[in-house]
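Shown next as structure tokens: one chain only, the form predicted alone.
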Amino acid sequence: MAEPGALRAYRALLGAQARSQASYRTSFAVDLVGNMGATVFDVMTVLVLFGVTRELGGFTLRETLVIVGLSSFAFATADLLVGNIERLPRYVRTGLFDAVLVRPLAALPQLLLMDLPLRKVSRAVFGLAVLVFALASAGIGWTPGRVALALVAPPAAVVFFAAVFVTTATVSFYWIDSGELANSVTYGGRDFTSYPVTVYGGWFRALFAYGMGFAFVSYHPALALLGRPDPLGLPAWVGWASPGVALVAAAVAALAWRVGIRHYRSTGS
């Protein structure tokens, strides 16, 4: 647990970032609107696809919107909170990470707060709006269990994506030019989770859906919420496993970070 002094330091860093980014209000407002583009595009892509077909991988438009709502909200929120970790390769290359390590604060929170992209909050809000609309319009037969899942699955998906961001970023401790590899997993995972996994096949589905766990971000929680059996034949309880998968992903990310920090060698700059 962080000490009171450390918490005050983190709050000061966050406050400084908020004041800095909001000081130019017109520019900040434009950034807020502009940053919704990626999430809006994800949703529009699904709508365009349903303009030429009535089902996608065996799912209707309303069912697919539950999937894309979960994915959009989770990725946008994780990107807001920890997406800044993508800059780690540059920090390692320039030696800025050395300065982070010598401060009497944990390295990871410092990195996340150094340039927290508050302009991305609009993407998370839009993703939440899509999710709420999808849940309200999907004709879900609400039970206490499904209400609980609807409340737990989105933050679990946020934790999962946050863990992916951190885990892929730690590759830069070993391979400094790993940015494209990390992006292929993080942003590739976002695209993968925006559609039913039934649209994919073979080794690609096995790798991303279950080898990396992306099926538990939106697909399986959506099946449980909708009360649908899995077309791939997995048991119904799998749809309730997303919080456990998120905890495993977080543990893997924490371990990867600790090992990476031990492996890191100063640039000497």
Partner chain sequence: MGSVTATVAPPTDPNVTRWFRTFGAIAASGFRRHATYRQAAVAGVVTNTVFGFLRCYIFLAVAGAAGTVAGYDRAQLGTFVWAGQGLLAVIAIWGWTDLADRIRTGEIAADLLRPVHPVTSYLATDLGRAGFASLARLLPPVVIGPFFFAVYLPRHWATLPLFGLSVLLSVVVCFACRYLVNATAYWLEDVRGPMILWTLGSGVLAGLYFPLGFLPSWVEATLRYATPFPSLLQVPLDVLVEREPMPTELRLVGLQVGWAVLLLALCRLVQRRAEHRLVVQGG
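Only a predicted model underlies this, so the values are computations on that prediction, with no experimental measurement involved. Residue numbers count along the first chain shown, from 1.
Unshown form predicted together with the partner chain; subsequent notes refer to it.
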{"item": "Asp191, heavy atom within 4.5 angstroms of the partner chain in the predicted complex", "value": "yes"}
{"item": "The partner chain contact in the predicted complex: Gly233, any heavy atom under 4.5 Å", "value": "no"}
{"item": "Contact label in the predicted complex: Thr60 to the partner chain, heavy atom within 4.5 Å", "value": "no"}
{"item": "Contact label in the predicted complex: Phe41 to the partner chain, heavy atom within 4.5 Å", "value": "yes"}
{"item": "Residue among Leu56, Ala241, Leu226, Ala209 with a heavy atom within 4.5 Å of the partner chain in the predicted complex", "value": "Leu56"}
{"item": "Among the candidates Phe126, Tyr195, Tyr91, Phe173, the residue which, in the predicted complex, approaches the partner chain to within 4.5 Å (heavy atoms)", "value": "Tyr195"}
{"item": "Location of the partner chain contact in the predicted complex, chosen stretch of 42 to 50, 233 to 241, 216 to 224, 63 to 71 [non-hydrogen atom, 4.5 Å]", "value": "42 to 50"}
{"item": "Site test, Gln110, Pro155 and Tyr264 vs the partner chain in the predicted complex, non-hydrogen atom cutoff 4.5 Å", "value": "no"}
{"item": "Any residue of 188 to 210 that, in the predicted complex, places a heavy atom within 4.5 Å of the partner chain", "value": "Gly188, Asp191, Phe192, Tyr195, Val199, Tyr200, Gly201, Gly202, Trp203, Phe204, Phe208"}
